[in-house]
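As a starting point, one isolated chain is supplied in structure tokens, in the form predicted on its own.
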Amino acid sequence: MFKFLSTYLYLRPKLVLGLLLGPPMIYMAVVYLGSLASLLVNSFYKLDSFTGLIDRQFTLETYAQLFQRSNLDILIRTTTMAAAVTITDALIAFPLAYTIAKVAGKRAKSFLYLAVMLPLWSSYLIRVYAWKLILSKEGIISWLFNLVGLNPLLDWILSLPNIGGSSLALSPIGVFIVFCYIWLPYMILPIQAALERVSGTLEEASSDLGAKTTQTFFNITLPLSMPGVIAGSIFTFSLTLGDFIVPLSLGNSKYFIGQAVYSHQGTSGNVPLAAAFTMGPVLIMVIYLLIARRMGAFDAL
């Protein structure tokens, strides 16, 4: 029986391919794409302000609400934060990824890999709440500023509009710091993988032709590693767009998209508005992925 079955499948490679890809494709179609389709459909409904029930008639009124000042501020605030985190993580990650790929020996490379991956072995919530303690008024950051006599500088930073707050743990700048830390490994690894693909012979040829180290870097290494940078930015940008735990734990009263979705869906029961908010990041990421695809980012994943 087993021999007959193996022969039967061997002679029908398309059937084997269908059996292998069928279950995951069905899962993607039903669970993943089905949930997105449900969000899209619900975003065209509206909440009846009188009865508090969902009016299941096609309308664009819910999307119009996104352009109200308060909701538009949430979209702009979240997108700006995601862009700032992505750029900062890229600037931090590139030197470390370059060291891992081009400079470090085998032992040092193993140590650096471990250092990058180690935070991912702990709980996401533990890392967030650990940073909340670090950034609090009684935390080590405030203690260090006080130790070196720079408390006035910290107070000035916290007094700045749009980024300050009562403390680092309750301010947009604190949210920014934690986001950069949480998503940094997702930027380092794709860049390192892209740099590994940059042939050393190209850099040697550039040097033999008289190019300086900086010229070789900006004309050879950096352009060839950009797909890795874009691939890493896909992770950092999209994860920041949708996260609500970090802003909820460390932010102030100014909402981000994730908090708005959580609030509208869970507290007020306004599922159509929550769905419309969700479609915003989806649209942003579709555009972002199309641009990234044209730049070859998926080759570095």
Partner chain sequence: MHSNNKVLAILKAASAGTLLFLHIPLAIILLYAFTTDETTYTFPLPGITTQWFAVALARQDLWAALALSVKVALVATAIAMVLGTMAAAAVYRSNFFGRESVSFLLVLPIALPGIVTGIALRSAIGGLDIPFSFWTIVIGHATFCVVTVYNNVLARFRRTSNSLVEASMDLGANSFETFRHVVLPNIGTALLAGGMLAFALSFDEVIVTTFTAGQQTTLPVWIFSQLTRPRDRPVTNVVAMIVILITALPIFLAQKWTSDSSDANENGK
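Positions refer to the first chain, counted from 1. Under this definition, the rigid core comprises the largest set of C-alpha atoms superposing within 1.5 Å between the forms. Predicted model only: the values in this text are computed from it and were never measured.
A second form of this protein, the form predicted in complex with the partner chain, is not displayed here; the remarks below concern that form.
Participant: Looking at 157-165, 192-200, 221-229, 94-102, which lies within 4.5 angstroms of the partner chain in the predicted bound form, counting heavy atoms?
Facilitator: Heavy atoms within 4.5 Å of the partner chain in the predicted bound form occur in 94-102.
Participant: Pick from 123, 151, 80, 215: which has a non-hydrogen atom within 4.5 Å of the partner chain in the predicted bound form?
Facilitator: Flagged contact: 123.
Participant: Can any non-hydrogen atom of residue 76 be found within 4.5 angstroms of the partner chain in the predicted bound form?
Facilitator: Heavy-atom contact with the partner chain at 4.5 Å: absent for residue 76.
Participant: Is residue 274 one of the residues lying within 4.5 Å of the partner chain in the predicted bound form, judged by heavy atom distances?
Facilitator: Residue 274 belongs to the contact set for the partner chain.
Participant: Does any heavy atom of residue 188 come within 4.5 Å of a heavy atom of the partner chain in the predicted bound form?
Facilitator: Residue 188: contacts the partner chain in the predicted bound form.
Participant: Indicate whether residue 53 is a 4.5 Å heavy atom neighbour of the partner chain in the predicted bound form.
Facilitator: No, residue 53 sits far enough from the partner chain in the predicted bound form that none of its heavy atoms falls within 4.5 Å.
Participant: Taking heavy atoms and a 4.5 Å limit, what residues of 123-147 are near the partner chain in the predicted bound form?
Facilitator: Counting only heavy atoms within 4.5 Å of the partner chain in the predicted bound form, the contacting residues of 123-147 are 123, 124, 125, 126, 127, 128, 129, 130, 131, 132, 133, 134, 136, 138, 139, 140, 143.
Participant: Quick one: once the rigid core is lined up, does residue 19 have its C-alpha move by 2 Å or more between the shown form and the other one?
Facilitator: Yes, residue 19 moves 2 Å or more.
Participant: Taking the rigid core as reference, does the Cα of residue 120 move 2 Å or more between the shown form and the other one?
Facilitator: Yes: residue 120 shifts by at least 2 Å between the shown form and the other one.
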